[in-house]
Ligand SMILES: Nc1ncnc2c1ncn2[C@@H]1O[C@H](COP(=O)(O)OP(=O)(O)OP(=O)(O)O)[C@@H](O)[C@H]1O
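The chain below stands alone and is given as structure tokens, in the form predicted alone.
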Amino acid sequence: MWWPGDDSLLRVRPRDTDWEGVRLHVVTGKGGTGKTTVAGALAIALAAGGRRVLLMEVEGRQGIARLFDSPPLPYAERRVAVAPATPTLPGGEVYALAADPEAALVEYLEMFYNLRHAGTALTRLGVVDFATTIAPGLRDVLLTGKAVEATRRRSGGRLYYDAVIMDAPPTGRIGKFLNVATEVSGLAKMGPVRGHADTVQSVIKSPQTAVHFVTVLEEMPVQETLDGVAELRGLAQGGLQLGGIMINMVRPVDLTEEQLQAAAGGTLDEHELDTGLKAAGIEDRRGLAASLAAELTEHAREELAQRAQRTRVAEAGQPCYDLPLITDQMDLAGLYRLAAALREQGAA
């Protein structure tokens, strides 16, 4: 992890994780930044050491199933991965769940009122769709309520899950999604729905929950991240805890600072490049040195542009974590690599 103002990317941590005590990790981000991938990597990272973790999605995209190369997930908790073991710690388990408001309502009615058949009948009649359309806040209460239930669930006198990760809606909708008590206030001033919303909100606005942002070092995703952080800062006054900023797809820089500046300015010495190519046994018969110089110039300018975006990310004042660009197609090995990066930087 690095904090804005740090001279180095990583720092010595006073504890194993920067989010000690957090059990519900909400992951949001602009579309295309790899939000679901980062949520999956965070789940694997948190499962290290023999822990049991639930990864939950709420948008109905089956993104988690595709990420773990699994069949479509039902509204049931299914094991999708085993975290890698270490010489001193066993691997843990990652379970996944695709939540939907209809199934959440049926479960809610059964859990608190023993009315599963009534809930099923309401779903068949389309009442749930109707209700969640005219009162979108009810839909979010049902979905966040499922995450809270999993966070609080106990078995044999201990918590069933060590952590729950929610692959949440994009940054532009995250404020309304999490502010469930306000969203249902016009729908229910009292009664079981309001009581349920208040219970959900008490967990979300507590030290048990943190909201993490995923971004890449490009102008639009960074701006949306900054806007999202600013929006949630208002909710933070009521207890909501802002988490870290996961900077995804970070490219390595293999040039020295002098080379970087020269390349960005288009002043690389092509003769020197040509000499280096010949020393490597490559004859420059097709203007390879000139092509290489052009590629290096483009790469250097992209790197400097990303530095500017990183400076903007620092304006949020939240801890930041770098995740490397995985050039191959994302698979379980890639997720393990991202999870290791998160652990090394103190995010898990």
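Numbering starts at 1 and follows the sequence shown. A quick note: this is a predicted structure, and the numbers were derived from the prediction, not measured.
What follows is about the form predicted together with the named molecule, which we do not show.
Stretch-level contact check against the named molecule in the predicted bound form with heavy atoms at 4.5 Å: of 242-250, 273-281, 72-80, 90-98, the positive one is 242-250. Within 4.5 Å of any heavy atom of the named molecule in the predicted bound form lies no heavy atom of R312.
Taking the partner from the other structure, the named molecule in the predicted bound form has a heavy atom within 4.5 Å of a heavy atom of T36. Proximity of L332 to the named molecule in the predicted bound form: non-hydrogen atoms within 4.5 Å are absent; the residue sits far from the partner. Using a 4.5 angstroms threshold between heavy atoms, R301 stays clear of the named molecule in the predicted bound form.
Here is the short version: of G50, G287, G31, G317, the single residue with a heavy atom within 4.5 Å of the named molecule in the predicted bound form is G31.
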